[in-house]
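The form predicted on its own is given below as one chain in structure tokens.
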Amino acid sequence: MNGGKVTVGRTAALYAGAAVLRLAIFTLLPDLPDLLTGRVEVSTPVTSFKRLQEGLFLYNHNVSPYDGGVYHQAPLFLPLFSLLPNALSYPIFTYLLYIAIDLLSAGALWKTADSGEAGSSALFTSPRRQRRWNGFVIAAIFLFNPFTVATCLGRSTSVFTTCAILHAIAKAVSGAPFGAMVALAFASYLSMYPLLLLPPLLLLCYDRQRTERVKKPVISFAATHVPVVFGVLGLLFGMSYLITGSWEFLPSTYGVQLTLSDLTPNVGLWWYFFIEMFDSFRSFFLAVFWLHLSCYVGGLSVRIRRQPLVVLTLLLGIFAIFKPYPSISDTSLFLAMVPLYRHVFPLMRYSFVIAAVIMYASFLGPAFYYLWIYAGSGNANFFYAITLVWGLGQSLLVCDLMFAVLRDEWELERPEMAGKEIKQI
């Protein structure tokens, strides 16, 4: 079940197959990328390629890209994409960039899988750890996941955040805490919410320190490495200021996520709620929603302290459900991490229900959006109802994975209970 022996040829074939698949779709279906770019399931106000193109047009004409309130993405995207030929005239260069980012993400995920951290951490070793997939299988699942492919085709800038998060985790499990902190700083700069991953990532870095180093207390370790994250963030903000000539990017990029000023529909739970919200209650419920999103960090980090990689995986699933502007890219990142826990799959209880609900929502979501926006035979309730089902499917997966991991720990502590049914009293 580990995918067999991995050779250089098999690795090259995997990466080449993933790249050729994406290039073939880009070439044979030239209208599909633009169609996906406009889909609310793929693009959000803070990751849309169309909005990036508008910001890039303003930037190239010496106008602030944040004028007009359309562009809500990091300023460093502007010089990066301005180096590429025009995406309308020569789209192949943009396609190659996004394909390369997907392959880099798969490489980082491969390293994480081969580290064995999911089954055997510094403080916990699962008795089922031998039942796992190797990095080749994990990378293949990620690269050929339809959600990953659709995100690449839609050219959402969330792929850069995904790549940075996966590299932060890969650096952490390889015993390179400085690199992990730098990668997390880049992810936080691009999307803000990855900063909430800092506590479990610090614990993972602490546990995976190289054995030749003398371990410091965890507080001293955190005091040494947390400033790296904020130092790199400060450097990135300074570079952004030099690019734009003002601090206008802060409220336009991060303020829009904190205040939800753009209520464009998406697959999340916030937009409809705040459309119906009275202005006098808006600030209170914004605080409640952000508190709800962030409160999982401390609880999971303490309860599953022995397995910080599990905490990171669960938090990625929670963010895919409850962050202000989620998309299928967030779900693809979470689904990429789940196969690392192949050893606890037999302990999961609702695998069929979860798969059925996610597939149900995946097919009906676009249909309900069409009925609302184009056919005019439905209303916003149609689409929001299916996003609730989408969130339910992911919530079930998060809860079931957490149950399986805790059951695995519990059976190691109490071997006599292995295989026995659990009943709620």
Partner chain sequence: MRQLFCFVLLSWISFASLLPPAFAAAADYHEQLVLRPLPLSALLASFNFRSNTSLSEFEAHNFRFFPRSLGQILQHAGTQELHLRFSLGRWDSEAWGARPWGGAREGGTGVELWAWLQAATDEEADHKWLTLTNALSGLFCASLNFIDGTRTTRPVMSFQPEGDHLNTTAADTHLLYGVLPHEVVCTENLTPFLKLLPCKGKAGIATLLDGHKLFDASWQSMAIDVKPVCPVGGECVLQIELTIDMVLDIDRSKRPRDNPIPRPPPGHELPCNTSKPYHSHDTCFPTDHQANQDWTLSQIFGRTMKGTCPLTDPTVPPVCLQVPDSRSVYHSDGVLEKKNLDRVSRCFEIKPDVDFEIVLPAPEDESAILVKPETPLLYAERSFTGHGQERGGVQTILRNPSPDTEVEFIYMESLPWFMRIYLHTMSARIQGHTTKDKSLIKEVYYRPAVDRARGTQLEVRMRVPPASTVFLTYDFEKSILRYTEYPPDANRGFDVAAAVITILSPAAYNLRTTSLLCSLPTPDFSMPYNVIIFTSTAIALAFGGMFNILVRRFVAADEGPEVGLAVLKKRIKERVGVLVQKFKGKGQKAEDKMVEVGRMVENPGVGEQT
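Numbering follows the first chain given and starts at 1. Here the structure is a predicted model, which is why all the values come from computation and not from measurement.
The discussion below concerns the form predicted together with the partner chain, not included here.
Asks: Scan Leu412, Ile25, Leu406, Ala19 and let me know which has any heavy atom within 4.5 Å of the partner chain in the predicted bound form.
Replies: Here the answer is residue option Leu406.
Asks: Given that the partner is absent here, state which listed stretch (139 to 147, 175 to 183, 286 to 294, 113 to 121) has heavy atoms within 4.5 Å of the partner chain in the predicted bound form.
Replies: Residues of 286 to 294 come within 4.5 Å of the partner.
Asks: Can you check whether Thr264 is within 4.5 Å of the partner chain in the predicted bound form, heavy atom basis?
Replies: Thr264 belongs to the contact set for the partner chain.
Asks: Just checking whether Phe274 would be counted as a contact of the partner chain in the predicted bound form - the rule being heavy atoms within 4.5 angstroms.
Replies: Yes, Phe274 lies within 4.5 Å of the partner chain in the predicted bound form.
Asks: Give a yes or no for Leu300: in the predicted bound form, does one of its heavy atoms lie within 4.5 Å of a heavy atom belonging to the partner chain?
Replies: Within the cut-off, so yes.
Asks: Within a 4.5 Å heavy atom cut-off, is Phe322 in contact with the partner chain in the predicted bound form?
Replies: So Phe322 counts as contacting the partner chain.
Asks: With the partner chain taken in the predicted bound form, which residues across 48 to 62 come within 4.5 angstroms through any non-hydrogen atom?
Replies: Contacts from 48 to 62: Lys50, Arg51, Gln53, Glu54, Phe57, Leu58.
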